[in-house]
Every structure is written in structure tokens, then in C-alpha cells.
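A lone chain, given as C-alpha cells: the form predicted alone.
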Amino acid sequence: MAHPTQLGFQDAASPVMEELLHFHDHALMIVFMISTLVLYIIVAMVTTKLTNKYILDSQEIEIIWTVLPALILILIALPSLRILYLMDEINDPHLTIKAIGHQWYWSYEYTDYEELGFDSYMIPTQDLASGQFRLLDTDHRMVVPIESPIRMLISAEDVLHSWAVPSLGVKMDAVPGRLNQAAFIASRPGVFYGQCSEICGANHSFMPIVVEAVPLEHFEKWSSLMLEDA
């Protein structure tokens, strides 16, 4: 999860998020090289006492400053398009979960089971146990098995919300009357935190998301207990 003074992204917990981190570093290096070149040219132009009488009319320079930006844009666009298609790819999901946004909490329905669903509310500050995070922990976590494709069906009951978990590389708007789809694979066990990312009213910052990724056998035990309690 994020921590104070953090400059980079959170550690990736899904293959898509790893790809996004690699693309971020790739694009950042291109921006760094462009910035360095422009800074060098500015310093050189300001400090030199020499002038080039051909600088205002040079076909070679015009070709370079037309072709070079086009090549740079291609270097950025191709990996970006690849990741966009990867994020939309949903092949044979092992589990489907429907997340519904309300003012101001989330409800989850495990559609592969008959009666497995619950509401997830933020734990008030005065009720937090030792080790729990203020404004981030919930009374019920969304539990998923690791290394399994998970399909999320995301909607809302009242106003616009947005279901976002940065470590998993998932962010999808929840729109009333519309069902949006997202997918992820949790590559390691852990607890991953997110928050509603669409301003949805007075308590917008008080509807966190907690995803707990566990091994498959632990998930089966958890789902059996939840069905017994239902």
C-alpha cells in the first residue's frame, strides 16, 4: 500500500499492473531524454557567441524535427495500445464478482454462488483494532483466490462511483443502470487497498475497498463459512 513521502507507484500485485509500471518507466525515460536535449539546446543557444547562418533555412533540420517526434510517438503508442488490449482481455474467468456502489459503501455479490454476498462499510476510527488503517479498512473484505482470473462486474445504485485498486491495476467507473466489466489476476497473497475514485457526495472519501488475495484452499474454506452463515 502507499506510504507517506512515496514518490513511485505501489508494488504491483497483478500482471497488468507490472506491465503498467514498465510502460511508465519506458515513457519516463523518453521524457527525460527529451527534456535533457531541450535543456542542452537552450543553454547552448544562450551561452554561445557563435551564430550559424544556415540555422533559419535548413531542410535537413526540418526533416529531423519532423521525423524524430513521429518516431518517439510510435515508441510510446505501440506499448500503450498493447496494454490497453491486455486490460480488456477476459479469458475464461474462474470467478465473477459483482461490485455495486452505494452512498457510501460497497456491496459484493459472488455470482457463481447462490447466496454469497455482503455489504462492505468503512470501519469508524474509534472502532479500529491494532494494525488496521484509518479510512482504508472495512468490516468485510472482498476475498479472492490468487493466480485465478477474476471478472468484476461493476455498477452503482444511486450516483457515479469508481471501483479502484491501484496495486491490482484496476479502475472502473460504476454507473447507475449500466454494468461495466474489468478483470485482474492477483499474483501473490496479500491485502490490497483502494478507494472510490469518483466524487460521489459528502462521504466520498469514506467508502474504501479492501481486496484480500488468499490461496485457493483458504478461499474455499472462507466461502464455505460464509455460505453457512448466510
Partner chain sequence: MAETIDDKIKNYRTAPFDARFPNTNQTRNCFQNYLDFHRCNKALSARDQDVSPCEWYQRVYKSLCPSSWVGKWDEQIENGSFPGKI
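Residue numbers count along the first chain shown, from 1. In this text, all values refer to a predicted model and were calculated from it rather than measured experimentally.
There is also a form predicted in complex with its partner chain; it is not shown, and the following applies to it.
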item	value
Listed range touching its partner chain, judged in the predicted bound form by heavy atoms within 4.5 Å, from 37 to 45, 171 to 179, 195 to 203, 23 to 31	171 to 179
Partner contact for I100 in the predicted bound form: its partner chain, 4.5 angstroms, heavy atom	yes
Exercise: N91 in contact with its partner chain in the predicted bound form, heavy atom 4.5 Å	yes
Heavy atom of D127 within 4.5 Å of its partner chain in the predicted bound form	no
Contact of E109 with its partner chain in the predicted bound form (heavy atom, 4.5 Å)	yes
Heavy atom of each of T138, R141 and V214 within 4.5 Å of its partner chain in the predicted bound form	no
